Ligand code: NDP
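Shown next as structure tokens: one chain only, the form predicted on its own.
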Amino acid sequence: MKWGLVGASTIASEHMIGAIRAQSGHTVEAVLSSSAERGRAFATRNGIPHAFTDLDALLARPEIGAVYISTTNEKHFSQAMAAFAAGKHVLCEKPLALSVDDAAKMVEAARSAGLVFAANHHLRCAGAHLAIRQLIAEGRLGRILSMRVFHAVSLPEHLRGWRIDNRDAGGGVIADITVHDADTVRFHLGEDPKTVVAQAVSSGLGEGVEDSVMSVWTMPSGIMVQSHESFTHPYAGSGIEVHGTEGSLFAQGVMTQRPTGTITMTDKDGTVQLNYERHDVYGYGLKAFNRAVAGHGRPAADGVDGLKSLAVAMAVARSAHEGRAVDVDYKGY
């Protein structure tokens, strides 16, 4: 399959182009940028044959079968809808849109067109998280009581820009990181957060947007989830804890794009470090996407998964703004 990149982004150059090319027979044919100069430079630097500033022109190329969207968040909806109308499969960065209503329209447009639609939630593709999910599913921890996600990091200088000062573009830590953590919690527990209570602040980077947020989520089963996301914590580390009636799991350094981190489990027999498969997370996700395009299975995270992670993030943002508990609205999905 031949791909078009909608967005000359850092994540495309650092991760996705290589992951696409690692799939047998897959190539990157074109890139879209709002700047002709930047687009040409990106194409030259990454060995991409064509650069466009007009989305319709890129989508009109019949050889392109799928697009990867990694523009700023406010553009995802219109660009994905145009891709579906042009008959292209879509792999979209999170959040899918700036509203759950728009995400629902994207899901239905893909369904109506018979196209594959996926959210690029890379964490569920990591070997560490696949291992954690298996441990939970096997009952190694007993009945799950609580989960803690700590994803407070220092946002790298080259990724700041609109993320820390442009609300209209979907900036802020909730849209950038809370959506990932929402998907990860759903992936591990197999259920959707029901109610959230949150507090958000600007603690040094955010200009008109939040750069730190803490929240507590209630799951339908009664499991309690605590989540902390930030752009301003250089030494906090990241990870996830899962506590059950028969044991506790501690995973550190696993909320990342790299196949890194450690997992330890403590139960009545003591504490042991667990081994897991380490592979490229984006390559894993692309393999699932390509299988789905071929009619076998589903993407690692489909459009509904993307919609639900967005719904949780929107509820967190609303709770922080209104200072009260908020039910998560999944629009019937």
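In this text the structure is predicted, and so the values were computed from the model without any measurement. From 1 onward, residues are counted along the sequence shown.
Same protein, other form: the form predicted together with this ligand, not shown, and the subject of what follows.
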**Item:** Contacting member of Asn120, Ser238, Thr184, Ser227, with respect to this ligand in the predicted bound form [4.5 Å, heavy atom]
**Value:** Asn120
**Message:** Is it the case in the predicted bound form that Arg38, Thr71 and Leu159 each bring at least one heavy atom within 4.5 Å of this ligand?
**Reply:** yes
**Request:** Give a yes/no on whether Gln23 approaches this ligand to within 4.5 Å in the predicted bound form, heavy atoms considered.
**Result:** no
**Prompt:** So in the predicted bound form, does any heavy atom of Ile11 sit within 4.5 Å of this ligand?
**Reply:** yes
**Prompt:** Heavy atoms within 4.5 Å of this ligand in the predicted bound form: does Ser221 have any?
**Reply:** no
**Prompt:** Does Thr260 reach this ligand in the predicted bound form if we count a contact as any heavy atom within 4.5 Å?
**Reply:** no
**Prompt:** Counting only non-hydrogen atoms, which stretch in 127-135, 206-214, 86-94, 108-116 is within 4.5 Å of this ligand in the predicted bound form?
**Reply:** 86-94
**Members of 270-308 lying within 4.5 angstroms of this ligand, judged by heavy atom, in the predicted bound form** = Tyr282
